[in-house]
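Presented as structure tokens, the chain that follows is alone, the form predicted on its own.
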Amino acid sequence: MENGILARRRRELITGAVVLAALAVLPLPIADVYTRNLIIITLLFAGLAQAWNILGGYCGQISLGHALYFGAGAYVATLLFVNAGFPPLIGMFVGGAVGGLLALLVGWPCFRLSGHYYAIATVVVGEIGYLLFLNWDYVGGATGVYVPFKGDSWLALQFKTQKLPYHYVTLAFAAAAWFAAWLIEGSRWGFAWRAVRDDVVAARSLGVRVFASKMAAAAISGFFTGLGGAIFAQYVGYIDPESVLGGQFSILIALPAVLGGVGTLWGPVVGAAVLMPVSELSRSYLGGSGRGFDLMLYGALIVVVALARPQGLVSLLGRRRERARAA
């Protein structure tokens, strides 16, 4: 049994390395800027969905307020760069740390709630953060903050005419989030968190520290979400409360994991690979006439998957493997 688990985890790691290598060379033959932008956004949300999955999938705490950690990471890294000249390549880790700290501060009172009460509490906290930044003059209020361009630089994560460097930055982010989830899945933490997700009472009776497990999952999830927010800020060059703290971001971060398969290693990746191109293409080709059409597509996809494959799209891959073994 133990050998089987080790073999499976080794296969997962090898598969991850192959996918990483394929994604590394994917943009090289692509000259179209729009297509490269689409790949970058997909990779970014694959990492963000994996970060949400660490808390919502493995630990079972359905958060609808991750936009707070995303926005905090974006603002911290940007303000450090604009006001103090702090390199964003380093500042994004500070933003990630602030995102993790905020997740702990939110989790301290909210993890005493359970089920839908916790989810509602995260929505409220996210809206409080949005309104705070919207009316806070030091961070630009509703006007937002522009990121000044200071020349092409890896240290500043700024490239005026190139998309390729951003591809590798977001790929590294998504790969780091995936690898963290892989480590957690096979660790004692991972087994404890899944026990908390499945049955809190049973987990507590087996000696699992439920509150500490939730806090650890929240800190890791918040860190990666804040890191993604900092990368996003440098990529777009401008942030305001609506663009990084809006409630729609919390939903958009969670949806790829839900669509692909909550609590699975590849679910967030598969969900992002399906959801983000659909979203971007619908907005691009329908323009103003299709306002809100991407949201309709989200809803339709979620309903279809919930009815046909409640375990998510990634379960289709497992089903194919089962048929192959049977054959």
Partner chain sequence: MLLEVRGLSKSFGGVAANVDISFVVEQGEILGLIGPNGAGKTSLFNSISGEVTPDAGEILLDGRRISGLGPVACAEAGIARTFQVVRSFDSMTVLENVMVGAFARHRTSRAAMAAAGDVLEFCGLAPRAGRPAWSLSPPEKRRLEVARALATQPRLLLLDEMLTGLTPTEAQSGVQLIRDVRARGVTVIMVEHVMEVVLPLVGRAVVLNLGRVLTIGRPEEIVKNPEVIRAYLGDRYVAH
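Residue numbers count along the first chain shown, from 1. Computed from a prediction, not measured in an experiment: that's the story for all the values here.
We do not show the form predicted together with the partner chain, though everything after this point is about it.
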* Even though the partner chain is not shown here, does Val201 get within 4.5 Å of it in the model of the complex, heavy atoms only? -> yes
* Using heavy atoms and a 4.5 Å limit, would one call Leu252 a contact residue for the partner chain in the model of the complex? -> no
* **Contact test in the model of the complex: Arg197 vs the partner chain, heavy atoms, 4.5 Å** => yes
* To do: Consider Ala84 of the chain shown here, and say whether it contacts the partner chain in the model of the complex, taking contact as heavy atoms within 4.5 Å.
  => no
* Asked: Out of 70-78, 157-165, 202-210, 92-100, where are the residues with a heavy atom within 4.5 Å of the partner chain in the model of the complex?
  -> 202-210
* To do: Could you spot which one of Ser153, Ser114, Ser243, Ser187 gets a heavy atom to within 4.5 Å of the partner chain in the model of the complex?
  => Ser187
* Asked: What is the one choice in Trp136, Phe191, Phe149, Tyr238 with a heavy atom within 4.5 Å of the partner chain in the model of the complex?
  -> Phe191
* If you look in the model of the complex, which residues in 159-184 sit within 4.5 Å of the partner chain (heavy atoms)? -> none
